[in-house]
Ligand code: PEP
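In the block that follows, a single chain appears as structure tokens, in the form predicted on its own.
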Amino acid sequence: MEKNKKIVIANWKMQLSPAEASLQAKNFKKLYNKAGLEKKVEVAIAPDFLSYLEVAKVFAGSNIFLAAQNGYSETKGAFTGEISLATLKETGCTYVLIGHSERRQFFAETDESINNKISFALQQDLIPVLCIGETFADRKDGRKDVVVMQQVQNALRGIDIKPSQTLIIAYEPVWAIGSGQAMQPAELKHTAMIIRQSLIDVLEDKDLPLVKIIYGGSVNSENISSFTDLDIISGALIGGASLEAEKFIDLIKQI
């Protein structure tokens, strides 16, 4: 990705059927190109895996990137139900979400498995999007900053990042996802500074400018600029607001 561009990643989760995903992809591509938004924003779409190849065909040869919602840290093997990050790379994938709170909560993903996935994704020259964020209970107990620091450091400990590679940290406070209650920009700036210090601690002498922090959690067209206007925030991870092409375009225009 270009150094000075904002990045917006759409996570469609398990919300669209293959037919709906294909239609939204076609509509979005048309509107995105017409608006000329590629000049200031890089966009990646993460459909579910059943829709993935069809959406990949829609975006082939365009300036819209393909992301995966998950992936497995082996090239091949007897891993029923999994999809290799190496295979995703072959199909044109550029970004991969790793450690999303729903994966941690519902599918028991651990710090160790997240660390392995990030390492393997970098080996495949994919751009890992490490998802981190505290729960409401963490926040209530005053542990938010500690949880965020631990998640960053456990996910990246021992990771080898080449000077030419990019890593994205998607900070999504769990309590804000889908709640309609986004974090205040001032607190986000404070949290992003904690994330950046954690990156310095764990990556040591790595090239930090290639590590970008983005925000997710009830982001919409009314509040996105209050987050992306912060110098320390490089973009956003969007859920529900990305499911309709017209509304998603309106959101991007506000950056």
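Worth saying up front: this structure is predicted, and the values here are computed from it rather than measured. For every residue, the number given is its place in the sequence shown, counted from 1.
The next section is about a form of this same protein that is not shown, the form predicted in complex with the ligand.
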Go through 178, 77, 163, 158 and name the one with a heavy atom inside 4.5 Å of the ligand in the predicted bound form. 178
Indicate whether residue 25 is a 4.5 Å heavy atom neighbour of the ligand in the predicted bound form. no
Just to confirm, residue 145 within 4.5 Å of the ligand in the predicted bound form by heavy atoms? no
Can you tell me if residue 117 lies within 4.5 angstroms of the ligand in the predicted bound form, counting non-hydrogen atoms only? no
Is it the case that residue 68, even though its partner is missing from this view, gets within 4.5 Å of the ligand in the predicted bound form, heavy atoms only? no
Are 102, 219 and 237 jointly within 4.5 Å of the ligand in the predicted bound form, each by at least one heavy atom? yes
So if I measure heavy atom distances to the ligand in the predicted bound form, which of the stretches 52-60, 189-197, 36-44, 210-218 falls within 4.5 Å? 210-218
Residues of 116-152 having any heavy atom within 4.5 Å of the ligand in the predicted bound form, listed in sequence order: none
